[in-house]
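One chain is shown next in structure tokens, namely the form predicted alone.
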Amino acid sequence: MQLVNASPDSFEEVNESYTMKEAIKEAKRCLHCKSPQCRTGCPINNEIPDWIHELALGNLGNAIQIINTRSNLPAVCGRVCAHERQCEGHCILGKKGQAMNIGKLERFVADFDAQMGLHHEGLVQKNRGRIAVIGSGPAGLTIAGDMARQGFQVEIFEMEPEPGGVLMFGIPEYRLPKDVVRHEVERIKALGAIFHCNTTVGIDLTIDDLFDQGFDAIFMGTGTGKPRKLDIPGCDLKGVEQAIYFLRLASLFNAQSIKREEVPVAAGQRVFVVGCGNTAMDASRTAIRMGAKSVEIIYHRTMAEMSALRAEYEDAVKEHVAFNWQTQLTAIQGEDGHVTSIELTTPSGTRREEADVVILAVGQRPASRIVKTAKGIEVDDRGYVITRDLPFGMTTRNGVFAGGDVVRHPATVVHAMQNAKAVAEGMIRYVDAIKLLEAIS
């Protein structure tokens, strides 16, 4: 059923949770394998069979405690992880087409904990060092949680008015409710982490300023906020929008922070989205919710080659998003400076389609404001921050670490978390070594 006329209801979460009875029944299907492939398939090596076993016994407090040993964002991961390619894709029961619904179980346990407050972590004395974290997306929150638990005083600097990064402003409400993100942030705060919002490093203060404030190490987890552009005629016309910008405005509108007319998709418009990753799916489904007359995705390859999850594609199809496979956008035409039509090229020829809005979801790259205002941090020819293996994650400037999407091509939430956990270990070793040298000098 197609959704029209944007309203709070149209952005409600689309996937329903388990009831208690359903969750325990599903958990009891787990074989509790001696060599669990689901754990192998999880980038952060979540102890999946152990917490599922506790859930099957009704011990939800034990279940969330086990999950928390590896994940700082269980309610998020339970919703937006690529389960079909990771834990569930490796489940041995999947050979019979009956893989455990691990993501939905994790979401259930995390949500139940949020409602009931089952697990409480005591504050660890913060006497091991001071850490500054730039950015509060998945990588930044993971660093903050891991290092706070290890006795570090952590302060997070976020440019947006609210923490969460891409979780808050890049993933639509119907896939990841913002109250879920807020709860995860509160869990990090409860560990003693301090958040500074509306603070842009590279503008309001610099890397040098942070060191001058007494921080022992700094983590850059700023993601890839600078969108790539297409080199085709008409890209400068009004009506050509970047997917991450559109999704951010839609999130702000849904939170009643901006007016409806500020979102660059109006009711009744014909929208084309270029790209076929999860961001393109999010942009397409959000355009439907904003009342677009029609939404079509343009992708130069085949369905088998798309980077989007199959589940996200299937949900988009259910909501009447159309797909143009093996099709390239070769030109955008307009009148009076606004998009009116597009030119599409396929193996069989070229055609023109009427259009009102073109949304580009063709990838992002890191912004450069931090690097430009700090000496000694080198980047590669694509703008990604260069890091070393010893200590893991440190940049070419001592004491400055980086992780997540800013050091690699954009990946999933859990892959950013995986990388950040490794960087946290590198930061701990670095600060401990510095403190030891200071003590004996």
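Note that this is a predicted model, so its numbers are computed, not measured. We number the residues from 1 along the sequence you see.
There is another form of the same protein, the form predicted in complex with a small molecule; it is not shown, and what comes next is about it.
> Considering non-hydrogen atoms and a 4.5 Å limit, does the small molecule approach Tyr299 in the model of the complex?
Although the small molecule is absent here, Tyr299 would stay clear of it in the model of the complex, with no heavy atoms inside 4.5 Å.
> Glu173: heavy atom within 4.5 Å of the small molecule in the model of the complex?
Glu173 lies outside the contact set for the small molecule.
> Is there a heavy atom of Ser136 no more than 4.5 Å from a heavy atom of the small molecule in the model of the complex?
Heavy-atom contact with the small molecule at 4.5 Å: present for Ser136.
> Check whether Ala411 has any heavy atom within 4.5 Å of a heavy atom of the small molecule in the model of the complex, and answer yes or no.
Flag for Ala411 set to yes.
> In the model of the complex, which of the stretches 146-154, 252-260, 159-167, 180-188 has residues with heavy atoms within 4.5 Å of the small molecule?
Correct option: 159-167.
> Please pick, from Gln364, Ser307, Gln269, Thr206, the one residue with any non-hydrogen atom lying within 4.5 angstroms of the small molecule in the model of the complex.
So the residue touching the small molecule in the model of the complex, by this definition, is Gln364.
> Go through Arg128, Arg228, Lys293, Arg369 and name the one with a heavy atom inside 4.5 Å of the small molecule in the model of the complex.
That would be Arg369.
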